[in-house]
Ligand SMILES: Cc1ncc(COP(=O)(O)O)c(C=O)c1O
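One chain follows as structure tokens, the form predicted on its own.
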Amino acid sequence: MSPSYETLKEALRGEPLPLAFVDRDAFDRNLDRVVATVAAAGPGAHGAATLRVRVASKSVRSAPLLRRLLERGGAALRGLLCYSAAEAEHLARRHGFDDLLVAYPVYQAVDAERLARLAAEGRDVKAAVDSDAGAQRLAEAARRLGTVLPVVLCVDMSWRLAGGRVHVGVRRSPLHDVDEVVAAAGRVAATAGLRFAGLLAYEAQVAGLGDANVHEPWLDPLKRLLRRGSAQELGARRHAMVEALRAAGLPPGLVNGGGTGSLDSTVAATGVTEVAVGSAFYKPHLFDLYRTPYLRALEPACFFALEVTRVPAPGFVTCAGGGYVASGAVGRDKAPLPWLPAGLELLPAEMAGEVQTPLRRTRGNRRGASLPELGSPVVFRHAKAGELCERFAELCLLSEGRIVDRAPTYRGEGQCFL
């Protein structure tokens, strides 16, 4: 379904490089696959009529594409999972988005004020907290503005083994056990200026753990065991949290969990009313490293193109720019992936550079197709999704192999949130 290299080369002819582009047809089909996967999970938990998708904005970072997702997804989608208070303010004020859940706790007074002011204006905005100190900062801002700010507790869904001596997952919230969560919810509910609104319970060690990694294949069996065992444990614990909250008279209005990498296992039986999805729409190359059928069915939809500016030796070409390395644990899987034309690879000693990126024929292509000529584009995929948008002011939108529109990124709107 993806356009060929020759089709893309023609579509990008005359465009200044580097540039980033989205195959809008693949983007739309990925949305359809996400909706179908969630629909197959059945109704939502705890009385929710359906399990719905909340779009993770940090994985898209372009307001027109966020709008396209929400409009095309209809009732299957609900709102946005934002990554900063300033981003939520921008999306609400400049673009009119509503139903915004800020997933990362804020502490700066200016950020607490941003969120409280949005609530005072009647916006549907919720803030995540995981500490009493953070809750108090939000409450103070809300009381100053004479409003009530809905708050969700960010809870730790990591897997603790051997009496807590082994920690499988990320280091985020201190709220891990059921009793801790119920107690924290009670303190929020008793705080003037705040309203307890639910739980944000993301299983990073399942969603972010690829189990078909060509770079570390010897670890894949262990990763599969960890994914499966952790999914069972956290599903039961998250469900128990919700039941305990309901018994305490603190029913959560929403329970958010999951991510692109765990969409098939984050279902109503694990206690959620909604799942967060972002990277699935672009399908960056880190998600090639999973064996889950629905992830394998997703199509790469977001790319960048660099110009060939040198031919340093037979079998080599060098492109201008390209040092767009992803965040996270350092490793080769975080480097950009040469995509088209096929048969090119990064040089281990240089990899992707700030001002130039050399490439060579892959071993299987040493006598294969000719290399791209000077001035030709080489198409890459980023390891992650929205991070690429921090490097470009706009995304060219392709449909049926030609540029049909352009969508500004946050950077193109003059915004830089983190």
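Each residue number is its position in the shown sequence, starting from 1. Since the model is a prediction, treat every value here as computed from it, not as a measurement.
The same protein has a further form, the form predicted together with the ligand, not shown here; the description that follows concerns it.
- Only one of P336, G259, G198, G271 lies close to the ligand in the predicted bound form, with a heavy atom inside 4.5 Å, and it is G259.
- For the options R72, H176, R172, R144, the one in contact with the ligand in the predicted bound form, meaning a heavy atom within 4.5 Å, is R172.
- The putative spot formed by R24, V35 and Y282 is not touched by the ligand in the predicted bound form; no residue has a non-hydrogen atom within 4.5 angstroms of it.
- Across the options 134 to 142, 271 to 279, 119 to 127, 320 to 328, residues that bring heavy atoms within 4.5 Å of the ligand in the predicted bound form belong to 271 to 279.
- Contact check for T357: every heavy atom lies farther than 4.5 Å from the ligand in the predicted bound form.
- Though the partner is left out of this view, F316 does not reach within 4.5 Å of the ligand in the predicted bound form, counting heavy atoms only.
- The closest heavy atom approach of F304 to the ligand in the predicted bound form falls outside 4.5 Å.
- Interface membership of F97, defined by any non-hydrogen atom within 4.5 Å of the ligand in the predicted bound form, is ruled out.
- Residues of 63 to 101 placing a heavy atom within 4.5 Å of the ligand in the predicted bound form: L81 alone.
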